[in-house]
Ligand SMILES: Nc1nc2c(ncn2[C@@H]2O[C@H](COP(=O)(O)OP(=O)(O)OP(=O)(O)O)[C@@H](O)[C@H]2O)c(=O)[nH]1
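Take a look at this single chain, the form predicted alone, given in structure tokens.
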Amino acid sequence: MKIYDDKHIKNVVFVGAHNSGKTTLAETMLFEAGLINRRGTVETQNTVSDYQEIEHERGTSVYATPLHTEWRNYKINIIDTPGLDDFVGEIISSIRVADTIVTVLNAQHGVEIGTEIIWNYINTYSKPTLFVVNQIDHMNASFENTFKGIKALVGNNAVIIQYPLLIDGAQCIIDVLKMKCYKFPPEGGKPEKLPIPEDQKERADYLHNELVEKAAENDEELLELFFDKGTLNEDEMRQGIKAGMLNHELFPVFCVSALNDMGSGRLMGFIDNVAPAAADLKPEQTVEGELLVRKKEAPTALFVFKTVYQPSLGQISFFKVKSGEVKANDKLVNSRNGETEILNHLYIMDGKKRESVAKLEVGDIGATLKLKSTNTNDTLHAPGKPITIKPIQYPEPRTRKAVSAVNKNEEEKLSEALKKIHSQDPTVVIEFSKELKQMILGCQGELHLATIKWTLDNIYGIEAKFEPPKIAYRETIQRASNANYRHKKQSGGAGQFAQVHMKIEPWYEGMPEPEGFNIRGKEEVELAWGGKLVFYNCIVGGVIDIRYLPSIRKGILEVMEAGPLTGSYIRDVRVMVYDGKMHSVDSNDIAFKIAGAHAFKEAFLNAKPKLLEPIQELTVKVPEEMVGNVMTDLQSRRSIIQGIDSIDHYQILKCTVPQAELYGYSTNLRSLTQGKATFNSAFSAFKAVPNSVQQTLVKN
């Protein structure tokens, strides 16, 4: 394969809502370039990108798939991404390494909620972006409505390069950059180039002049040239369009029919000639605070943006060459763990097909196999030349499940499989909760969860059980209480004796010191699970030796790790130990720990104990016409609405909801809104549960 430099490498990612036609467009571009001799379809399960078994079963993209094509002395690396936000990790990592974002829209549906979600991530990285309106030849297509949606999304910086037109029943595309009319045969393919029809000249001229002005605005020299000449030629317009895309202030709009191969060649030509290359982007800052030198002669640095496990090959690591060049058999160092990795083979991947290459230069995307200690988000650099690329920030999980192996003998095997799934997809979060005694799996939604289950079943051969996770409640008290406990044990020889008197009270920040006690010592214990234990030594007259106070405190803390109501952690209590007895022979640390624990438990149960539940801050973005159903559902979940904002035709609902009421919310919201609403949540605070709920929980 020919080696391309960074000026002739174009890295594009196809993003867009489900069923916008990204996979079909990628397939058509590979066919146009001669990389494949027959176009596959999603329905016949023979496309280059959607090659995984689960994608065939579901009939949709689940993973981001790197591809490549070569067109007029340029190499175009294409990453075809899923359209469902359950797989947002695949989308974000692809956006991160792309130089240009190609946002594909279905002309029947326009700008959908999935597109808006993705746009937020595009904005985060301010990547050059163009829009492609697909399926223009469908009977229900509306280019005009779709363009209105684009303008609502990005503002007046959206600019038409092409618009569709039917002439005598034939599909045509008017190109206002080249000022040509492309007329396509019914079966698609190579179009006939024609002059712009007379009845379209006025509109085409208007759009052409608008494009000239937009292009001139993004370059001072071009702006002066425009004022001098009143126009720009095609090359000057390309220069201005590229500058606008790099500034994230100009968004060209194209139209195609990917299924019928109309307009894809012109789109590829624009990507070649105008879309920014790897060399055009602004230098990025490393973790070390230095600007990355994006040159072939610089020290090598690779950024691993994707990891895949295939039964026949093992681990495949996809990377972008951020600086320097990489050759087969190079030894590079992982900046995260200091491990040296040998890249025995370098590949260009097209779906499941791989082509071996000797080297890859800065700006290119490639893959290697079987790295020992490298995961997604890692940087590999030349020995002695440390560089760390800033990692991708992934969203927090929106759905959590307790996961366990049906066969208890496979628990360790399950744990290892989940670790591999996490390394492949960092939006899958695995943690073992000591408090809940459960392995908790976090993911982006029910579809995401279904793919994890499928992977465990079919790739790792593990049958797993997914259940609602237990809720991490907390216990506390509402009033003061006194208790004393005498521990006495005689079993031959030395016995055990200890007596402890204590008072406990609810603790809150800034409360005054306790009255009526001779305070001789105070210790504030920051509890690992939140809140405090404030422990006072109020012993007078030496009735308990000071050396036994730590043992009493230890006994109290043991009770606080498993409260008497539900076995949950106890928090926010202060304890005054003010009296007791000891024995010169039989008293010891164990005796006082036991006495302290029993006295605290008795006092706790008499102090009007209260159960606290975790409360989440929930933000829901929902179309205006669907707000009623969503509000009704939230009210049924004991939510408290904090505020409502409006953005375009969406309502942003902000509320607090008990974590226990959010189980299954992702699925329910999708059902209520046909997938048009999104949400995110974050822990807010612990608050008291209603008495009726507490009674039920204590009984269980």
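The first residue of the sequence shown is number 1, and the count goes up from there. Note that the structure is a prediction, hence the values are computed from the model and not measured.
Note that the form predicted together with the named molecule isn't included here; everything after this is about it.
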Three residues, 21, 61 and 138; all within 4.5 Å of the named molecule in the predicted complex via heavy atoms?
yes
Between the options 103, 93, 323, 134, which residue brings a heavy atom to within 4.5 Å of the named molecule in the predicted complex?
134
From the list 162, 368, 257, 129, which entry has a heavy atom within 4.5 Å of the named molecule in the predicted complex?
257
Mind telling me which stretch in 675 to 683, 5 to 13, 688 to 696, 21 to 29 gets its heavy atoms within 4.5 Å of the named molecule in the predicted complex?
21 to 29
is_contact(residue 363, the named molecule) in the predicted complex, heavy atom dist at most 4.5 Å:
no
If we define contact as a non-hydrogen atom of the residue within 4.5 angstroms of the partner, is residue 81 a contact of the named molecule in the predicted complex?
yes
Taking heavy atoms and a 4.5 Å cut-off, does residue 53 contact the named molecule in the predicted complex?
no
Verify the contact flag for residue 43: yes if a non-hydrogen atom of it lies within 4.5 Å of a non-hydrogen atom of the named molecule in the predicted complex, no if not.
yes
